[in-house]
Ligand code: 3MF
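First comes one chain, alone, set out as structure tokens in the form predicted alone.
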């Protein structure tokens, strides 16, 4: 079963435990040592921000950026790993304070587009065509600060610029309704795939759905996945969990809502997701209280929960499901699901 699904995570998912209310509580682990953890934990793919691969990229020429990225590709090869995607990290640069692609300042918008192009260069050097756009600060704290109609046009233009710059690129838009901005543009997968249809090459623009992001929008992640799957546009998932409408918690997959996790796995199974060759990304973070020597269990635990739920989905009695649907007895179907999850 593990061979049917391919799993990925980003190096940021092994972290020092700092949060807005306190400093780091665990020592830093260098990138090379993190890579050695992947296979040990059952993962084959590495998610990248552009500056995960090339930390000092803002001070390098395009040629130097590609050279450094190629060195990282050699490290991946040495560990038997592949890059899943590369994403431009615009939100941590001062020029992205008002958004990158949708900034009111034209110089900031130009910088964001050029950074996206460098991200494409890095992706090609790492051997992956997939670029992920999490539009972190592409939004507003107050709506009157931007013309949203114009802002969406800026987003269209940035996506088209990247597609035209890099004919290999596939762009997966990762929607989120808020945080760090109060109101974000492109809050749902419906918004993301509408953008895709306006691209110069719609076939190369799809979506990435994160569990917590859908929950923060008040939506069911499995339905968001189903919508994207129905359009052939689910190009990655970031599975985690969320305990209510709070900050983006990135809890272990299934930890807060096991049935919700079951339904996410179920829809991936119904959609034939493993046959697509796309990765199951586990974007989960260790609790701040976790000791350093066990601050990786959230990753292996999430993968284990996913695979156990795959088994639950595949062994659910189809005859019971079909009979309950035929009888329109959904209470019986619900109880059958609950009993199956509880081992009854």
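Positions refer to the first chain, counted from 1. Values in this document were obtained by computation on a predicted structure and should not be read as measured data.
The form predicted together with 3-O-methylfructose in linear form exists for this protein as well; it is not shown, and the discussion that follows is about that form.
**Q** Using a 4.5 Å heavy atom cut-off, indicate which stretch of 98-106, 116-124, 168-176, 182-190 touches 3-O-methylfructose in linear form in the model of the complex.
**A** Looking at the other structure, the answer is 168-176.
**Q** Is there a heavy atom of residue 241 no more than 4.5 Å from a heavy atom of 3-O-methylfructose in linear form in the model of the complex?
**A** Residue 241 lies outside the contact set for 3-O-methylfructose in linear form.
**Q** Evaluate residue 161 for contact with 3-O-methylfructose in linear form in the model of the complex, applying a 4.5 angstroms cut-off between non-hydrogen atoms, and reply yes or no.
**A** Close contact is absent here: in the model of the complex, residue 161 is far from 3-O-methylfructose in linear form, nothing within 4.5 Å, heavy atoms only.
**Q** Examine residue 253 and determine whether its closest non-hydrogen atom to 3-O-methylfructose in linear form in the model of the complex is within 4.5 angstroms.
**A** Residue 253: no contact with 3-O-methylfructose in linear form in the model of the complex.
**Q** Looking in the model of the complex, any heavy atom of residue 132 within 4.5 Å of 3-O-methylfructose in linear form?
**A** Yes.
**Q** Only one of 296, 303, 49, 278 comes within 4.5 Å of 3-O-methylfructose in linear form in the model of the complex by heavy atoms, so just point that one out.
**A** Residue within 4.5 Å of the partner: 49.
**Q** Counting non-hydrogen atoms within 4.5 angstroms of 3-O-methylfructose in linear form in the model of the complex, say which of 91, 156, 111, 247 makes the cut.
**A** That would be 91.
**Q** Give, in sequence order, every residue of 194-219 that has a heavy atom within 4.5 Å of 3-O-methylfructose in linear form in the model of the complex, or say none if there are no such residues.
**A** In sequence order, 210, 213 come within 4.5 Å of the partner.
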